[in-house]
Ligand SMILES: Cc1cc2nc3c(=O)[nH]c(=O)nc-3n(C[C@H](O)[C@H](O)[C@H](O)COP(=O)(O)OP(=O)(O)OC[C@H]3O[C@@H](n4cnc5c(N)ncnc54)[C@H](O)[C@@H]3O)c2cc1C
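In the block that follows, a single chain appears as structure tokens, in the form predicted on its own.
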């Protein structure tokens, strides 16, 4: 069969799902991954990074019959639990009716499910410990290094799903007319752990927990073993930063002052803090995502910061879009790849902006009286008007509305509500004026 051989570089979440989708359609897929098989080695310390899978991701997983399998390894979170420095916790539901949830799952668990599904396809092979060193876009060939030495492989198409620091994208950078930008936040992230207390969760497992502290924050997501994976999002330098906490006494004192309830639940706080690495927070934007019969997908095309929990969800949508355009074009890569890039690039740029916006909301705004009042009003409007009024969060997490349509739709909704309020006010005012005139006469 022509046009049916594919190389995928990267066996992470997006690469594994794409391999499964293509394998089910009879494509011959060779997946090359620079790391060892994570099902054997486990997650690197401090790099487990829990994910929040929501409607977009579940919709993609359903296409390969994995939705229920993934949900069986995940925990639903129906809202945010805010932890002030002192005082009571505050729960904020993610949906107006309180019935919708995002789902906490470890990256390792999800990757294992997807790798198993890919390897179950007779036409898919995964090669671990194979480092891509160069990519020839004109000949759709890839040079690899492994324990066996160097090798060059080729196929009808190459798809780079190899993350924010993509080796495939390096080849795109050498092509004329390729735009690329990467923007780093002056923040980093570090993982900590709240272990189970006996056989029980130390915190409510039905919530994503947030300790908003103005210019920084910590979050915690539940795990099946009844622990919580906590992630600090702090400035890398300056006051109250990772660099500032450079001694055990400072670490213990700072957590006791700013995260007192969490610190009391972290017996390994010092060990985790001192030995877990600090990760970077980067947004990658580039265009076009295709050259000849090669393309970028997932973080290789559009790495985003994790504050809307949409990184994996958006990447899974990429897989659905690419495969759909292949189906629509009878497997013609020359037609499918430009159509895929044209559809998905605006969505990637939009969700990148949404994620950056949500960082400010999570670390600071959620604590304000004004923010809570707006949330209550929006939830009430949704309950009264249904899908004619949806919150930004519901459109992002509980729908498949294109990301680029969300802000314009939100603006139209608010303009409509404002217009209705003016009309109601005018009617009330007119009625009062008529009654006054009648009284005078």
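Note that the coordinates shown come from a computational prediction; the quantities given were computed from them, not determined experimentally. Numbering follows the first chain given and starts at 1.
Same protein, other form: the form predicted together with the named molecule, not shown, and the subject of what follows.
Query raised in the report: Can you pick the stretch from 246 to 254, 146 to 154, 267 to 275, 131 to 139 whose heavy atoms fall within 4.5 Å of the named molecule in the predicted bound form?
Result: Of the options given, it is 131 to 139.
Query - in the predicted bound form, the one of 333, 189, 211, 290 near the named molecule [non-hydrogen atom within 4.5 angstroms] - result: Exactly one residue meets the criterion: 189.
Query raised in the report: Which residue among 205, 79, 108, 163 has a heavy atom within 4.5 angstroms of the named molecule in the predicted bound form?
Result: If I apply the 4.5 Å criterion carefully, the residue I get is 163.
Query raised in the report: Any of the heavy atoms of residue 315 lying within 4.5 Å of the named molecule in the predicted bound form?
Result: Yes, residue 315 lies within 4.5 Å of the named molecule in the predicted bound form.
Report task. Classify residue 27 as contacting or not contacting the named molecule in the predicted bound form by the rule of any non-hydrogen atom within 4.5 angstroms, answering yes or no. Result -> Flag for residue 27 set to no.
Query raised in the report: Quick one: does residue 222 come within 4.5 Å of the named molecule in the predicted bound form, counting heavy atoms only?
Result: Answer no; every heavy atom of residue 222 is more than 4.5 Å from the named molecule in the predicted bound form.
Query - in the predicted bound form, residue 23 touching the named molecule (heavy atom, 4.5 Å) - result: No - in the predicted bound form, heavy atoms of residue 23 and the named molecule never come within 4.5 Å of each other.
Query - Within 12 to 38, the residues that have a heavy atom no more than 4.5 Å from the named molecule in the predicted bound form - result: Counting only heavy atoms within 4.5 Å of the named molecule in the predicted bound form, the contacting residues of 12 to 38 are 12, 13, 14, 15, 32, 33, 34, 35.
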